[in-house]
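The chain below stands alone and is given as C-alpha cells, in the form predicted alone.
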C-alpha cells in the first residue's frame, strides 16, 4: 500500500506545486481559472502524444485525479473514438470517456449542497 501512496502523493503534489508557481511567479496575474485551462490543455496535449501515460503508471491517482488527468482522459477517449468510429468518433469519444467523472462530480456536488447548509 505504501508503494502506491507515496508516488501518488509526490506526483500529485508536484502538479499542484506547478500550478501554485504559475500563479505566484508570473507577472501576468495568472488566476486559478487560467491554471485550470493550462492543466486541461496540457493533459490533452501530453495524452495525445502518449507522454502522460508514463506519469500515470508512476503516480497512479496522483496523475489521474488532477485536471491534467481529465485532459488525458479526453485525449485518450478521442483517440479511441476516432479509431472505432472514424472522424466523428473523435468528437464523441472524449465526452464518452469523461462522462462518468463529470456525472460523479455533479452528483456529489448536488448531494453536498443538499446535506450541508452554507453560511453566508
Partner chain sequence: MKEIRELYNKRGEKMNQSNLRPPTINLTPKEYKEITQRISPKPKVLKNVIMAFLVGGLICSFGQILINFYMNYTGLSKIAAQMAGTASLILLGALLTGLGVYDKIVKIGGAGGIVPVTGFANSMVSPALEYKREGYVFGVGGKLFTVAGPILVYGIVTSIIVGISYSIINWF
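Numbering follows the first chain given and starts at 1. Rigid core here is just the name for the largest C-alpha set that superposes within 1.5 Å across the two forms. Note that the coordinates shown come from a computational prediction; the quantities given were computed from them, not determined experimentally.
The same protein also has a form predicted in complex with the partner chain, omitted here; what follows describes it.
Among residues of the shown chain, residue 51 is not one whose heavy atoms approach the partner chain to within 4.5 Å in the predicted bound form. The partner chain in the predicted bound form is not approached by residue 55, whose heavy atoms all lie more than 4.5 angstroms from it. Applying a 4.5 Å heavy atom cutoff to the partner chain in the predicted bound form picks out 91, 94, 95, 97, 100, 101, 102, 104, 105, 106, 108, 109, 110, 112, 113, 114, 115, 116, 117 from 91-117, in order along the sequence.
Core-aligned CA deviation for residue 105 between the shown form and the other one: 2 Å or greater.
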